[in-house]
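Following this are structure 1 and structure 2, which are two forms of one protein chain, each written alone as structure tokens.
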Structure 1
């Protein structure tokens, strides 16, 4: 049973990364190149970004070197991820509920990384009882308490909001309630584990230490074990649902909303376009294939469905 508990942990972690990989791969493989579909403001436009301007405001922009302010992108993405800026600006009521929920998760994720680093330090001989470790432990214990409360409070508030707001209610599916609910359960188990354990940090570090040293020692704390089991489930479940937005947002922002690179500056795109035009189109409408087989995009684009038809030669 104990070994199974650890095996599940390895499977959940591996499963999470595999599913994320598959999601990203499927996004990247959907098309060799998609159209530009940017929306301004685009934050990598430097000074122009402050009012939503673009390189296309410049006279003969194609004769100038391309400037991309990557720092602007990073700043905007961080503001969005860490502060939920769009929701703050456009849906404040929701933000008051959603932000604690997300902030709780960020803290828990950050805390997990620190605990993992502590466990790794321990494998390299750091004493579990030295002053630094105790200091980190105190911080983690505080973080876990706050983050559990944020997840529980934010999650319940979100469910309540979705139940009572007429607009939201119509769009909220059973799965969405389930998704938020399972996080609330996760938060509660974490909170109980925090309450019953002398130090949540020590329990968590012990578990991670065992995990990285393949020491399948029994897990003494039931609440912590339940907390972890729900965590394993979430690792697999998140990438399978719309919650995968937490990593796919990189693409929807960076590649789509801000994806303004003109072909002028991309040798790669110059090569891709002629190849993509070889794809076979099977759209059936009269002005495309008329339902008869397929044509390449090139054939479609170079044909004129409205051109007067050449009269057939009379052939008695």
Structure 2
């Protein structure tokens, strides 16, 4: 049973990275070329972003080399990931519930990285009882307590908000409640492990040390083992559900919102556009003369929607 416990850990870690890779790969292969949103400011515009400007405001911009401020994108991404900036600006009530939940997970992920580094240091001869390890252990124990309380409190608050807010309630599925609830259970098991174990850091470091040295020693703490088992499940479950937004959001939101590379500068887009123009247009409007897949985007792009329609062309 002890060996199986460690094998599940290896499978969960490997499965997580494989599923993430497959998720991103399948999305990139299936998604067509995006239509630009034309929403400004775009962070990588550099100084122009401060007033919502664009490189297209320059005279004959298509004849000049294009400069992209990638640091601006990184800053905007960090503000969104670390502080949920958009939620704070547009839905403060939700932010007060969502941010503790996310902050708790950020703390737990950061703490896990530190514990892993401590376990690696131990494999290279660092003493588990030296002053540096003890100091790190005190920090991690505090982090686990705060992160567990944040995940539990934030998760319960999110579930309550979704059940009582009419706008969210109608769009919340049972799976969404389960996704938040399983994190709450994960937080409770972590909190109980913190309470029962003499030192959560020592227990976690010992497990990771055993994991990287293939020393399948029994787990001394039942609550910590339950905490890990739920963690194994989450590693596999997250990429399969909407919780994958934590790594897919860049592709499904930021890349679309800020993807403003003109065809002039993109050989890739030049190859994609001829195929995209062959797609059928399944809708119609005053400015789009498509409908029911009767025309391709090439036909739409080369026709005049204001031209008088014959009875055959009319799509009510």
Partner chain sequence: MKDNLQLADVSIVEGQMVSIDLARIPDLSIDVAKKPWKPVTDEHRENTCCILDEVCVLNIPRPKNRVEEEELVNKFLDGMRKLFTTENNWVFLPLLETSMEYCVQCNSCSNACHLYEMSGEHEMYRPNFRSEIFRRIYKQYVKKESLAKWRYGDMGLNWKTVTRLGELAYRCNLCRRCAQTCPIGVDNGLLAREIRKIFSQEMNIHPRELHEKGTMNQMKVGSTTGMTPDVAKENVEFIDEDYSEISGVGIHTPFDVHGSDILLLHNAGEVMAWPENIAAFSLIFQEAGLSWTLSSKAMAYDGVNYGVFYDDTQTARIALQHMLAAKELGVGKIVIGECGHAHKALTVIADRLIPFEFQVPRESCYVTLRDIVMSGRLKLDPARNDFPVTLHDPCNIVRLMGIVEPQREIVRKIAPKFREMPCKGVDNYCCGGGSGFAIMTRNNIEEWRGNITGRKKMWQIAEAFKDCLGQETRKYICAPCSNCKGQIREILEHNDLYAKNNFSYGGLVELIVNAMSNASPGFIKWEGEE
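Basically, rigid core = biggest C-alpha set you can superpose within 1.5 Å across the two forms. Numbering follows the first chain given and starts at 1. Keep in mind that what you see is a predicted model, and the values were worked out from it rather than measured.
With both forms of the chain shown on their own, indicate which is the form predicted in complex with its partner chain.
Answer is structure 1, the other one does not fit.
Once you line up the core, how about residue 253: does its CA shift reach 2 Å between structure 1 and structure 2?
Yes.
Examine residue 68 after superposing the rigid core and state whether its CA is displaced by 2 Å or more between structure 1 and structure 2.
For residue 68, whose C-alpha is compared between structure 1 and structure 2 after core superposition, the shift is less than 2 Å.
Relative to the superposed rigid core, does residue 300 relocate between structure 1 and structure 2 - that is, does its Cα move 2 Å or more?
Shift at residue 300: 2 Å or more after core fit.
Taking the rigid core as fixed, quantify in angstrom how much the C-alpha of residue 267 shifts between structure 1 and structure 2.
Comparing the two forms, residue 267 shifts 3.5 Å at C-alpha.
Taking the rigid core as fixed, quantify in angstrom how much the C-alpha of residue 282 shifts between structure 1 and structure 2.
Spelling it out: core superposed, C-alpha of residue 282 shifted, distance 11.8 Å.
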